[in-house]
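Alright, two takes on the same chain below, each alone as structure tokens: structure 1 and structure 2.
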Structure 1
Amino acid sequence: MKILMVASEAAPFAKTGGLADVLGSLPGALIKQGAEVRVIMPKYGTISSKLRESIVHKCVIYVGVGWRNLYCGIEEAVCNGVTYYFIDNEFYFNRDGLYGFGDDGERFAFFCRAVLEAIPHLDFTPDILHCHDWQAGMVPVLLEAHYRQLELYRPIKTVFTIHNLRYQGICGIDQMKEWFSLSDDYFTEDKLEFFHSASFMKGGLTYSHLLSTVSHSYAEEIKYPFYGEQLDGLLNARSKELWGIVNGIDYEEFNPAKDPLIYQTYTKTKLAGKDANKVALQEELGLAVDEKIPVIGLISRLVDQKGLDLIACVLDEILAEEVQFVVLGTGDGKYEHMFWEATRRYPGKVSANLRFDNTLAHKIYAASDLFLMPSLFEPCGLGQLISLRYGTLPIVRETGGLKDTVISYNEATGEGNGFSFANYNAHDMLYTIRRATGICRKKTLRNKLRKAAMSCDFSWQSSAGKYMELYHTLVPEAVE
């Protein structure tokens, strides 16, 4: 089973979000399951100099985009036992950042074409092209339109994974026709046309053999208009080909028993170290040092999608409780200002760290009692998985991957690994926070729930098995 994953980012080379974490961890987990997996991505100017030293040049090809023939270097590196290929074009990718430029559509049109042109030069002919998110969405379209008749490409199957349906790569029809050398036949309502424009994402959804997304609940939610981002009709039509597979996390990187970034290591049978982390974090961030006060952690992009509007509605009521609130992240200016102002009004109770800091993130996961994640929608979510790993009890809204991974504590049965609420309502969230902090003050019960959280298995090995099942439905002859 040979799988070539196509993505716009992959850790540790380039990262803006959870997609990179998936492409940094899933290939290795699949290799352990017996597959041969490689990744192809752009060579960005933001790749660190240390990682660049490991990248070797393979060859040069030229890629047609419309009337132009453009330089394309193919380069290669091995990281953690996985081979990564890089598409090199300095005009498109040697920039200060990955996305957000006015020509993103053209940049990733070049990338999609380059991926298919590169295959004969890789010494690796995949059984499956596994494309991730809109930036790779046109690969399956091009495969069918321009390459399927060629012997090398004829057996290749395609899988397209939605990581976030909101971002779709919408461009003008005339631009797409030129970039991809496609006729009018491809720009109809049942193919690439999308409300008088055209969509990379719709291309992947329409032309791939199988589809997946990153949790079972999100796979169901996106069939409805509220979550479907105007693609719910297409997703319902392809519901039999749509799989929901929860993401995993790297259990070596996120391991409280070995983590070098936290104050003190601990395990589910020796939880004293978790309380020591809490006191150390309080000291470092200038919070009142008191082991008995529940600490709520929030590590997030500070945007509406993550439920920040709910927090804004009841922040003063949350902070009227005997709690402490530790925030890490950046985002909308109104929310950054809200937390900065809260540190002034509630000294010793709020720590607003308006930046990205990986070391501090690990410390917050390890030290907090509770982890707040009240998202409007969440395809999978990684924060709740990491917090469970560290015995920090999540408070989540029941949506997408949050619903699939967090079981709200049930007093009657004693089951649960966190807390949840169903309605997107600030006072429902506030009630759940009050319930959670009350339970956290009961040491025996709190430790029981911590152990339950730390006993969950959201490692990639479990998810990789589901992906292997998906692949084998396309390439059954690869089953040993």
Structure 2
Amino acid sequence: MKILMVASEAAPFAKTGGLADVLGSLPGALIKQGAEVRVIMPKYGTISSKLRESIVHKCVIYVGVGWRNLYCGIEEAVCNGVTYYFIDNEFYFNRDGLYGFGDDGERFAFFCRAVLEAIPHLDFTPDILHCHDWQAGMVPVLLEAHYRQLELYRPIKTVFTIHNLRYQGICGIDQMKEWFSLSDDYFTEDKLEFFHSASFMKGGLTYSHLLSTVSHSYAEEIKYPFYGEQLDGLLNARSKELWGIVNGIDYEEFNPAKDPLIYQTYTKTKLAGKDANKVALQEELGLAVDEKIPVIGLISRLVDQKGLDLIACVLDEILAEEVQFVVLGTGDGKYEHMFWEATRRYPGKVSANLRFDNTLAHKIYAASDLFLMPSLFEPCGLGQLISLRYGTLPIVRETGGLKDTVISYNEATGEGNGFSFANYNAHDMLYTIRRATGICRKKTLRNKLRKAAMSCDFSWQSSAGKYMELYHTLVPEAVE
């Protein structure tokens, strides 16, 4: 079974969120199950110089985008036993970030075209092209439109995974026609047309053989208008082909027993190290040093999806409690300002770290008592999975993957691995935070819950098995 994953980011090369974590860890898990998996992604200017050294040049091809023929280097690196291919074009990808340059549609149009043109040059003809999110969404469309009649491409099947339905790659119809050399026929309501524009995401959803998303609950939710981002009709129509497979995390990278990035390692039977992490973090971030104060961590893109409006409503009420709040994230100015401003009003109580910082992220996961993730919607969410691994109890809203992975502590039965609330309501969240901090002050109960959290298994093993099942429905004859 040969799989080529197509994505716009993959850890450790380039990461803005959970998509990169998945592309950095799922391929390895599938290889363990016997599949041959490779990844193809853009070669960004932000890839660290150390990782760049491992990338070798393979060849140069020219890729047509509209009337232009553009340079496209194909490069390759092996990382943790997985082969990564890179699409190199300095103009499109040698920039100081991944997205948000105003020409992202054109950049990823080039990427999608380059992926299909690159296949004959890879020494690897996939049985399945597994495309992730809108940036790869036009690959299945192009395959049908321009390549299907060619021998090499004829048997290739396609899978499209939605990591976040909100970001769709919506562009003008005329631009899309030109970039992809597609006729008017493709721009009807049942194909690429989307409210007088056209959508990469809709292309992936319409033209792929099978669809998946990253949790069961999100797979159900997106069939309704509230979560469906105006694609609920299409998702309902394709519901038989839509799978929900929950993400895992890399249990090697996120391992409190071995993590070199945290202050002190610990295990579920030797939890004292976790409190030492808290004290060290309080010192590093200039918070009041006190092991007994519950620390709430929040590591996130700072966008409305993550439930930050709920926090804005009751921030002062949260901070009226004896708690500390450690934030790590970047995003919308209004949320960055809200947290920055809170550090001024609550010195020693709030720490706002408005940047992307992997090392600090590990330290916060290890040091916090609680991890706040009150998302408006959450396809899967990795923050809560990483928290559970570090014995940091998640406080989540019951939506998408959060609902599927966090079980709210039940005082009657003693079951649970965190805390949750159902409605998108700030005071429901506040009540849940108060309940959680109250429990954190009871050391025996807190340690019992930490152990329960650390005993959960969200490694890739079982989910990788589900992906294998999905691939086999498309290529039943493939052997591992």
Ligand code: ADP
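Throughout, rigid core stands for the largest set of C-alpha atoms superposing within 1.5 Å between the two forms. This one's a predicted model, so the numbers in the text were calculated from it and none came from an experiment. Every residue number counts along structure 1's sequence, beginning with 1.
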query	finding
Structure number, where the criterion is the form predicted in complex with adenosine-5'-diphosphate	2
Point of rigid-part switching between the two structures, i.e. the hinge, among 321, 234, 51, 248	248
Rotational displacement of the smaller rigid part between the two structures, which moves against the larger, in degrees	8
Shift in Å of the residue 358 Cα between the two structures [rigid core superposition]	2.3
